[in-house]
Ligand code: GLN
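Heads up, the chain below is alone and in the form predicted alone; it's given as structure tokens.
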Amino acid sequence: MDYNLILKQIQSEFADTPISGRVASYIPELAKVPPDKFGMHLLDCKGRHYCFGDSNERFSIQSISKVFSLALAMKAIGDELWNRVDVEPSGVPFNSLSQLENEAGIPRNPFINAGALVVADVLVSNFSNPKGALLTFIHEITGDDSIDFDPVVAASEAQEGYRNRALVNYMKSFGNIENKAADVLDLYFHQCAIEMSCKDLAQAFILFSNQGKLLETEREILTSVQVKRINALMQTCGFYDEAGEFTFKVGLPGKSGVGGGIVALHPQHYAVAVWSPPLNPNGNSALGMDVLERLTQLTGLSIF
């Protein structure tokens, strides 16, 4: 597959696309990001890189971080995790409170905010320094120790995190949060404030395309069963209540974040990340959705 030619065509086709959507503004720091940023990076399973645009510029990955925290929690406690968080699509906004009331404080899946907060609680329970453990895991799978939290974005998250505070305290009333709400929220706000580039994300997500093994050394980080489950959750729940639309158009497992990033993978083929900050009404990068649909059209390949 000539990914170099395919990415050049995508860059050409979308170069003059009018900006559609709005940059996230409910987190003050995200509102400052220029809306015309646009980058793409693809890493194939033979270790070859293809990219264009702002692919090396780091940005706030936001909810993409939920894949990393989920993987670390699965490594820590295995299938016990599924006693506290379900694996079904939500069909409601990512920060909904109403489902928790109907389902006794058990979040519908680990990628909505409530589910990610339960995962954060698991990490707080199992690591003396959960923020450090999460960064160490990301450094391990990317090979890049310079990836870090943006403290300004983390503070901005905390400043406006009223709904997340409500979610944690509501689940704690059901007994589904073990630690202090402040400790869980501190980890959650920081994980959302991790800064990575499209290149970093493609390097990290090649793990999920390569059956849980590092590409360079083939060292196993996650079991094939764990990777299967994470990929399945990305396919069905990775885009909030637009997961069906992404599956319909793109046909790959993936995860989005309100920083404008989308990362997707084709098992045993590649991992790819796109960054364009303006979001559609569902909170996903408007241009990123279109670009990844075009990628699977031009390759003629998806998981279906």
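Computed from a predicted structure; not experimentally measured. The first residue of the sequence shown is number 1, and the count goes up from there.
Another form exists, predicted together with the named molecule; not displayed. Remarks below refer to it.
J.: Do all of C192, Y240 and V258 end up near the named molecule in the model of the complex, with near meaning a heavy atom within 4.5 Å?
T.: All of them do, each having a heavy atom within 4.5 Å of the partner.
J.: Sort through 209-217, 157-165, 72-80, 131-139 and report the only stretch with a non-hydrogen atom within 4.5 Å of the named molecule in the model of the complex.
T.: Of the stretches listed, the one contacting the partner is 157-165.
J.: Can you work out which of Q226, Q203, N176, N113 has a heavy atom no more than 4.5 Å from the named molecule in the model of the complex?
T.: Result of the distance check: N113.
J.: Would Y26 count as touching the named molecule in the model of the complex under a 4.5 Å heavy atom rule?
T.: It does: once the named molecule is placed as it appears in the model of the complex, Y26 has a heavy atom within 4.5 Å of it.
J.: Consider T247 of the chain shown here, and say whether it contacts the named molecule in the model of the complex, taking contact as heavy atoms within 4.5 Å.
T.: No, T247 sits far enough from the named molecule in the model of the complex that none of its heavy atoms falls within 4.5 Å.
J.: Can you check whether S63 is within 4.5 Å of the named molecule in the model of the complex, heavy atom basis?
T.: It does: once the named molecule is placed as it appears in the model of the complex, S63 has a heavy atom within 4.5 Å of it.
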